[in-house]
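First, one chain by itself: the form predicted on its own, in structure tokens.
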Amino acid sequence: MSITLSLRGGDPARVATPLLAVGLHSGGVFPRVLAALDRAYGGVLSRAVRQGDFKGARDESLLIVGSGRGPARVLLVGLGESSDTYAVITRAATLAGRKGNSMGVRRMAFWAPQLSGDTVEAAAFGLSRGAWDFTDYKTQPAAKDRPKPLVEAVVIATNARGSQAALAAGIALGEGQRIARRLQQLPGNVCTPEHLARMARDIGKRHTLRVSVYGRRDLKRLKMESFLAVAAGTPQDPKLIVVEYRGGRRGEAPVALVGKGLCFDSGGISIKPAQGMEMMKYDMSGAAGVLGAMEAIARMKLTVNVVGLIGSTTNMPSGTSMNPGDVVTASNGTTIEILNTDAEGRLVLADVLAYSARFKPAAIIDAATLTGACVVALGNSATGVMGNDDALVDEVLLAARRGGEPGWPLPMWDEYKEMIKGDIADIKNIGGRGAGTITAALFLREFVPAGVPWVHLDIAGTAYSETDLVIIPKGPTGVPVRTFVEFVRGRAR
């Protein structure tokens, strides 16, 4: 369910709402602008700050119930001490939205000091992100006992009239990430390659985008043996999905966003351990990121041409599956020795990257939950970032930082390439035990169109969380929607 977001100005004390979230910095000083609100609450808000009951630390919150006119409840939310105002407001608004949703208030408002422009966008996006919930498969109690979801939120801005564009951008970002997180959270028997294709068509219809979907017969015609090798063990029809957004000048080279869409990855013949295998429904997070980004980009009407490309299938063991030791030829003519069938994402992306050449892209960014080695190297706090162009890598890192999805660069030295040199073919799909994230990226580099700047995002550690992250629950994070959108938005300015 979407959330309706709106703007208003004025004194927050006059907002008749079931819940008013108030963002406060640390330091023990209660803002004078909230004097009327404090009086309406009998001075309890300023006392809570003055006495240290609420310190304004990051992720700190304190709920106070009032009476009479104005807000029925006030939720104090800590902004902390960071100098990154956009990130601070995003986080605080996300926490507020999550708490508001859990309280069943249906409507709420959010205020923080000097909300205007970019910080209005941050507040709108944060409220949308925090209010997101997934209850599709839970039996609901009787209507009278059912908690009411948060469906409406107001951002109280210092310049409401001048912040409408920022609000619209925040809504676009929120809706894009909601699409990605929902796709990620759906079980693998629902979020199939066909379901991803259907979602792409829905986005295309909503925003008048060109959408092309190619199945197994088409992939054979396109000589995508690498992609088809992964799909060989499943009866589900694999899909190559292409979504074209034309917001730039006619004929202008597009930015290509590429996503891995493995709707479930058992590992194939090189089967994964049973423990934790259920998390492999998230192996389509790169594809979800592409679709979420295309939704946001289209809503924002960015003046850039963008093409989203997704390779989607499942990787299953069966009598028709690819086997360790098989050799296939990718669509660009490169022969690949398959040593491990669980290194399947790179096989799919190989043909998708090669296919992107027909669009003559100005730059390519791909995202994939590609390697467990990336989680070992960087944990769950940073995305691995690698590429063939240092300037593009820096541009993507900046976009990731702006979007609150930090990345960290890893080297792409030629010395590592020896690790994936084939014994009986041009290249093999795994190297040794070391540098697994780097060798996977080097494998992908072999299929990037010649002369095109390219960056690979390994989101294995950041696309979903196995623990509650305070501002968002256990499960999908929506990474890399914001990175994709911020990169494209940077190109549009």
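Source: prediction; values computed, not measured. Residue positions are given as counts along the sequence shown, with the first one as 1.
Just so it is clear, the following notes concern the form predicted together with a small molecule, a form of the same protein that is not shown.
Fill in: Every residue of Lys272, Met280 and Ala343 near the small molecule in the predicted complex, heavy atom within 4.5 Å
Affirmative, all three are within 4.5 Å.
Discussion item. Within 4.5 angstroms, counting heavy atoms, which one of the listed stretches 343-351, 395-403, 93-101, 181-189 is next to the small molecule in the predicted complex?
Written reply: Going through the listed ranges, the match is 343-351.
Practice prompt. Decide whether Ile430 counts as a contact residue for the small molecule in the predicted complex under a heavy atom distance cut-off of 4.5 Å.
Written response: Because a heavy atom of Ile430 falls inside 4.5 Å of the small molecule in the predicted complex, the answer is yes.
Worksheet entry | Partner proximity in the predicted complex: Thr119 to the small molecule, non-hydrogen atom cutoff 4.5 Å | Close contact is absent here: in the predicted complex, Thr119 is far from the small molecule, nothing within 4.5 Å, heavy atoms only.
Discussion item. So in the predicted complex, is the small molecule close enough to Val455 to count as touching (4.5 Å, heavy atoms)?
Written reply: Taking the distances in the predicted complex, the answer for Val455 is no, it never comes within 4.5 Å of the small molecule.
Discussion item. Test of understanding: in the predicted complex, would Val74 fall inside 4.5 Å of the small molecule by heavy atoms?
Written reply: Heavy-atom contact with the small molecule at 4.5 Å: absent for Val74.
Fill in: One residue of Phe54, Tyr41, Phe447, Tyr464 in contact with the small molecule, assessed in the predicted complex (non-hydrogen atom, 4.5 angstroms)
It is Tyr464.
Worksheet item: Which one of Ala197, Val304, Ala109, Ala373 is close to the small molecule in the predicted complex, taking close to mean a heavy atom within 4.5 Å?
Response: Answer to the contact question: Ala373.
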